[in-house]
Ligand SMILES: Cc1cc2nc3c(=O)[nH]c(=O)nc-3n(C[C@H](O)[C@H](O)[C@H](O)COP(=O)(O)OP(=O)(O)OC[C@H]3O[C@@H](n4cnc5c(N)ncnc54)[C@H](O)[C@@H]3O)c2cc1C
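Read the single chain below, which is given as structure tokens and is the form predicted on its own.
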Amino acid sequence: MADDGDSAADVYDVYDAAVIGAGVVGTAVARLLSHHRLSVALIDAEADVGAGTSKANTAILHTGFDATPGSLESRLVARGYELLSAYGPSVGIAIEHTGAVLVAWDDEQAMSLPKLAARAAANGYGSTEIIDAATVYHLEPHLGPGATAGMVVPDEHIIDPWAAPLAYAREAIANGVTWLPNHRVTKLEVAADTTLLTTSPGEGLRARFIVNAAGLYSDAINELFGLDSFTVRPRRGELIVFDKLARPLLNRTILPVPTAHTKGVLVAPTVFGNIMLGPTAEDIDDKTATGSTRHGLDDLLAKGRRIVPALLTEEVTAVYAGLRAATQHSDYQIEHHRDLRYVCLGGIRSTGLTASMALAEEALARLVECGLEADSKDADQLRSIRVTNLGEAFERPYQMGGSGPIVCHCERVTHDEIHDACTNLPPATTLDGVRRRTRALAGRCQGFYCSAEVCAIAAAVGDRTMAEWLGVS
């Protein structure tokens, strides 16, 4: 077993564990492993953490009230909710306690509410309350006409989805994990004691144990081990983000009655002060198809017009689409193989953010079953971290002073925030990475006024020119 490393630059001949995938699940696993006397590599095909499925989701901290009782997802979402609710505020992840109301729009949906309440209770969540239509409109007066009943879920909250993988990764690196971006795994060769991973730069590294947290590509990694227990078929979810002036239209998240295929289209406030409408649910074959579509946006607008009609008179700030790692199975696909020294965390869909810390616990337990010796570090050996709290309900750096002039006026992001985003490990190396760390470029003008200055700050602290940051050849 290797000695503890002091920085992200530590390189080992053989790692105790390699985590493939640096989304919210993979970074959570790396963070937990960093609390043990292990050498760990965190590998991703992209240039940044959280740059795949994790960057485009509905940003809800789920209670798991509507999960299938007895499923892996039910157990891990409930545990993950508990863990992330405690961890988030301690490191600066914005979590806003809003609650949610599930709205029935016809008598058939209203009749299904007691079954949903019973399902919630079977999942260990007993705080739901079925309410009549008059109470629904009292809670949410801007809802469109036609609601017949509702069910309050008081502990469904909203969260900064980008800060979670960043915090996990920052803590993992601070505690010795080696961060290897731009390393797509192309080949795996299992030997007696180690596995050789060949990555897209043509480099190779060895690890004793492997964790597959590759999201959309978790089935591809499984296949490299000669396994075919599931296939990922992306489920595209398109979303519309409305301007902050729309925020008074909602008091809490408005949930639909879920179906067997999808949780449906919701209308939710965000911790950044916007309102979000979505997602759609379209099964596709292309794992790179993250562009918005005309038919998808039209479908969302039609549903939004029924749910909160006044929303459609508000300005749209952005549209985006994310791909969920849907499989032919209804549950998470978690497996381990002692002979391969391999743990797979596959089929992690929209609840992965909430379940992430519990998934890390599950991965560690299964690694131990595969033979990993994981001795915990002493508390005084662990380094703590913080991320910038970007929630509108909390005090922001520009309000505290001492962080330099405001650069992005739409989102009130300061010079020092952008500088820190490009220097703190893991550093932002793309404009999208700066956006996720600071909210710069994400406001009404979408970077029209501030992108040049953001790039100038980034270029001044890095080894790239301003033109390279802007993507100008």
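Residue numbers here begin at 1 and follow the sequence given. Since we're looking at a predicted model, the values are computed, not measured.
We do not show the form predicted together with this ligand, though everything after this point is about it.
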| said: I'd like to check something about T351: if you look in the predicted complex, is any of its heavy atoms closer than or equal to 4.5 Å to a heavy atom of this ligand? | reply: yes
| message | Can you tell me if G150 lies within 4.5 angstroms of this ligand in the predicted complex, counting non-hydrogen atoms only? | response | no
| message | Even though the partner isn't displayed, in the predicted complex is L102 close enough to this ligand, meaning a heavy atom within 4.5 Å? | response | no
| task | Verify the contact flag for A213: yes if a non-hydrogen atom of it lies within 4.5 Å of a non-hydrogen atom of this ligand in the predicted complex, no if not. | result | yes
| field | Stretch from 47-55, 418-426, 33-41, 431-439 whose residues place a heavy atom within 4.5 Å of this ligand in the predicted complex | value | 47-55
| Are all three of V24, V185 and G322 close to this ligand in the predicted complex, meaning a heavy atom of each within 4.5 Å? | yes
| note | When this ligand is considered in the predicted complex, the residues of 222-249 having a heavy atom within 4.5 Å of it are G237, L239
